[in-house]
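Presented below, as structure tokens, is a lone chain in the form predicted alone.
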Amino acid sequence: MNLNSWGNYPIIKNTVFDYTDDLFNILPLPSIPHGNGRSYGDSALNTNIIHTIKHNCFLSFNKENGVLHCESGVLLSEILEIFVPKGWFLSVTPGTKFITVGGAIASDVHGKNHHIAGSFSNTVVSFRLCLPNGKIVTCSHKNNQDFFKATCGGMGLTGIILDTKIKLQPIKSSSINQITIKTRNLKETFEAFEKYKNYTYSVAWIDCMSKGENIGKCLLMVGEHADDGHLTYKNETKFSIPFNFPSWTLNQFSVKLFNMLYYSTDITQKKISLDSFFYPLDAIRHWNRIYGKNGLTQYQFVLPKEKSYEGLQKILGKIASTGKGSFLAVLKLFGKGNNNYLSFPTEGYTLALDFKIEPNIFNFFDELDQIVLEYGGRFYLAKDCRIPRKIFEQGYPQIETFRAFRKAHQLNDTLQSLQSKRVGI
């Protein structure tokens, strides 16, 4: 078996060890934990991979405080299937439910409510971490804080997460009351985010092909949990992409057509399912095949709030002028960041852009990198497959603390990924 990332780039040969094998014989080998393969780039790729997906048992649940104890290979989708009908939901969730709990911790994922609830690590009560020497460390916000801060956002480079306790939130419905706001340019988009900032959830789709006075026009979706008492939940899968599309399918003309049709959506206020609001792409199985056999990558960055408007105006203008439009362009507002060494979110606006792998796309990213750095931004490791070390490290003031932690605990030679070697962590 050979494991790839969700972006299907890069492709390397690897030896896959199930977590159920003799872990202590595997860990001395240079290797990296790998969950359900939903990180976009090379953060969970190496010649040796420890596959944790079968380590997926539920251990206990405290219905008084909503604390779930489970193994690290449990998928968020499995949590939803069991606990939404009981009136519980994830306190923080990313845009896909097909990731493991261990992967959510390692990436310190964020969701549409970061401005209210922060990152996934805010919901983590504790976890047990197996080090390469066989020692098991229990980590929390108060105990073994250095391990906690290094592991949450540490991309699997501190050990194997065995199990964790996370706090779920109570809900009264399996639906979301959603409002859609249409804006005509980036100025209106920012005004809309501010107007609706007290909503628990917010996310905007940006038309990144628009130029001139329409740069930054969007559909902003905000939402709150309904309270109708209906808790029926089922996975919504509409269809599956059976094969890789030809690479020419996605081009500036097809992206423009999609953007035009999507933007024509009527302004609405309606009740929709949890899956439709939080995980719209999960309804299409293997949607990554739309980008062709060469794969895709996501370019995601965050800019400080006070510099976000000017920086995004410049970046969106650059994208529109080249015609290298992103089929999916998602803008979110972050609240304050945390103290974890390599956690991505910091207060400001984050833009995520999906691009197919094609000639010169990385050269184009190099140009965008300079704009992001000019405005004090940083990049997200869970989405990255190519950022140079000198670019990446400028956005993370605690990167030397993380490097020192890895060295002090003798982790550099045993826990490695293609990404960790590339960016020097």
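We number the residues from 1 along the sequence you see. As the structure is a prediction and not an experimental result, all values here were calculated from the model.
The protein also exists as the form predicted together with a small molecule; that form is not presented, and the subsequent description refers to it.
Look at 366-374, 391-399, 57-65, 43-51: in the predicted bound form, residues with non-hydrogen atoms within 4.5 angstroms of the small molecule sit in 43-51.
This chain is displayed alone, yet in the predicted bound form one of Leu274, Leu312, Ala329, Ile99 has a heavy atom within 4.5 Å of the small molecule; that residue is Ile99. Taking Gly223, Gly159, Gly348, Gly295 one by one, only a single residue has any non-hydrogen atom within 4.5 Å of the small molecule in the predicted bound form, and it is Gly159. Against the small molecule in the predicted bound form, the set Gly37, Pro94 and His110 is in full contact: each member has a heavy atom within 4.5 Å. The small molecule is not drawn, but in the predicted bound form it has a heavy atom within 4.5 Å of Ala106.
Interface membership of Ile32, defined by any non-hydrogen atom within 4.5 Å of the small molecule in the predicted bound form, is confirmed. Taking the partner from the other structure, the small molecule in the predicted bound form has no heavy atom within 4.5 Å of any heavy atom of Cys385.
Proximity of Ser308 to the small molecule in the predicted bound form falls outside the 4.5 Å heavy atom cutoff.
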